[in-house]
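The chain below stands alone and is given as structure tokens, in the form predicted alone.
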Amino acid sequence: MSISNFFNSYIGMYIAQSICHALIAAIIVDRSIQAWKINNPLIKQRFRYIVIISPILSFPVYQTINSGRGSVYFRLEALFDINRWLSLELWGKFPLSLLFIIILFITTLISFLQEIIPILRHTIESKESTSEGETPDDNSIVSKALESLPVEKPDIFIIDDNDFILFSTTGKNTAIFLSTGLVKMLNIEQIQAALAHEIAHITRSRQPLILMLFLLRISMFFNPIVLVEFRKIVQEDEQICDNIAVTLTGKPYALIETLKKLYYTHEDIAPVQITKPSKIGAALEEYSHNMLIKNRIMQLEQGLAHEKDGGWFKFIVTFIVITIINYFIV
């Protein structure tokens, strides 16, 4: 089967249109968030769900409504015909459809290397850590920090390691793991803030919508727009858990100091200076990571974002606009 024939098949049209629909949805969602000045990460995250979910369902739903949507007549009246662009050749030799397939391959590779495989590795390491960690005694600083949190108490394990380690596991056997090096570095209020943040992750992981969203994200492993948007959702999820932690502890500055101690590589965030080509990736990753932490700290310093309403009217309007426009994207 040639490349052109592939993109004229049902699977080919589904892949091509799902990427276009995700791109349109992402642009409209970002403009909507900016225009309506939505600051609450929980509401922003809800808007971004459209970018994850709509590309999965849009093509089959549109085809059910109008089976002739892929016809030449409909394409002539459409707002955008991706097949017309994919049939073009760069410099008269290099087909644009081949470049499109290369992008799909790269996105798929990134999805597996940076998302699916790390999750599997984290699951395996979590099980191993349970046997290595020790439960803190009742008089330890960790137990005292956990005691005052008004929530169901998860299992806590202390790992004998001088590195700064903090993570939580989800599923049936939820637990929080801290290293001895981390416990020595933080005071009781900062440990409490760190535990509250991880408890927030555990609580949110139990929500069926979160699990469903992840499974839907996996089904769009080839879609670069969904890849970028899902990472924005993950970043906003960190802000949501920060807000929950502050609500539980009532001490935002304890969490701010914890973030600074745990994640800042440098005291100040300076422009990236590249000395060797081999260090470009690591330097950019470090700079990007520090900028994300800086943004979380700024959000905490500004206080919890309270919208006047849940933003449902704005959400519905945005969803309708995306649905109508994408109907004419084939």
Partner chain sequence: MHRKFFSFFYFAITVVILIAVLKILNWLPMAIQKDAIRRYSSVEEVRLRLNIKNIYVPSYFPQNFTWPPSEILAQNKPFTAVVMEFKHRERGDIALIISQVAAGANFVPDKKIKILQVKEKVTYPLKGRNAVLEVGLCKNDEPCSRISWDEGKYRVTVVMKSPPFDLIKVADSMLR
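Please read all numbers here as calculations on a predicted model, not as lab measurements. Numbering follows the first chain given and starts at 1.
The discussion below concerns the form predicted in complex with the partner chain, not included here.
Which of Leu120, Leu113, Ile106, Leu88 has a heavy atom within 4.5 Å of the partner chain in the model of the complex?
Only one listed residue qualifies here, and that residue is Leu88.
Please identify the residue among Ile43, Leu292, Ile56, Ile28 with any heavy atom within 4.5 Å of the partner chain in the model of the complex.
Here the answer is residue option Ile28.
Non-hydrogen atoms within 4.5 angstroms of the partner chain in the model of the complex: do Val61, Leu209 and Leu213 all have one?
Spot residues vs the partner chain: no contact at all.
Among 246-254, 135-143, 190-198, 70-78, which stretch has residues with heavy atoms no more than 4.5 Å from the partner chain in the model of the complex?
The contacting stretch is 70-78.
Just checking whether Gln34 would be counted as a contact of the partner chain in the model of the complex - the rule being heavy atoms within 4.5 angstroms.
Judged by the heavy-atom cut-off of 4.5 Å, Gln34 is in contact with the partner chain in the model of the complex.
Do Ile15 and the partner chain come within 4.5 Å of each other in the model of the complex, heavy atoms counted?
Looking in the model of the complex, residue contacts with the partner chain do not include Ile15, since no heavy atom lies within 4.5 Å.
Indicate whether Trp312 is a 4.5 Å heavy atom neighbour of the partner chain in the model of the complex.
No, Trp312 stays farther than 4.5 Å from the partner chain in the model of the complex.
Consider Arg84 of the chain shown here, and say whether it contacts the partner chain in the model of the complex, taking contact as heavy atoms within 4.5 Å.
Close contact exists here: in the model of the complex, Arg84 approaches the partner chain to within 4.5 Å, heavy atoms only.
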